[in-house]
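Heads up, the chain below is alone and in the form predicted alone; it's given as structure tokens.
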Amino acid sequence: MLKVGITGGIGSGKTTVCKIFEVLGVPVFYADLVAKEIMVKDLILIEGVKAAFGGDSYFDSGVLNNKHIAAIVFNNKAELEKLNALVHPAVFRAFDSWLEEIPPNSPYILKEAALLFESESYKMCNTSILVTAPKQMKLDRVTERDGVSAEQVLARMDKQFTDEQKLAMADHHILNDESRSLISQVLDLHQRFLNAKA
């Protein structure tokens, strides 16, 4: 089955694009949502996090202590890499399990991940899509959506590859600047992927 990776910087609209693909009957694996779920479900990951960041990483109820983890990894690249080295393999395991549940008549699947290229998970896909938008448009979307300052959004952007870096690695590009129909761009790629499968 054709595996298509899809990514985009914060505020690019990649989730909106994924929803359009879903309307077309394409199963989508949301890696970032799954990562949050497995932080409290994957026993191998939980033990790894506790060993790396201490027993305070989780409350007695089993809920992840986000503030404790954030205080350690925020602005500390080595600690963030340590966390990612635990989380990414767990997400890969979840992806493999998810693939086994996909109906055999599905045309192809999408794997959505904010860090598709940074985590090198694009290597598990046959092809990739990058969703981009102008920087100011992304800032406006995220500050309005999340109720955060532009400075906070820029700090989050700085932790990801730039669009230029990702464009050099991506096979396909969707521009979400409201000047060209997202639906038509998705339909174009959908047809290409169906033809590639055939």
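When you see a residue number, it is the position in the sequence shown, counting from 1. Computed from a prediction, not measured in an experiment: that's the story for all the values here.
Same protein, other form: the form predicted together with a small molecule, not shown, and the subject of what follows.
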- Item | Joint contact, Ile10, Thr15 and Arg141 to the small molecule in the model of the complex, by non-hydrogen atom at 4.5 Å | yes
* Does Asn176 reach the small molecule in the model of the complex, with heavy atoms at most 4.5 Å apart? -> yes
Exercise for the section: Give a yes or no for Leu182: in the model of the complex, does one of its heavy atoms lie within 4.5 Å of a heavy atom belonging to the small molecule? Expected result: yes
Any of the heavy atoms of Lys67 lying within 4.5 Å of the small molecule in the model of the complex?
no
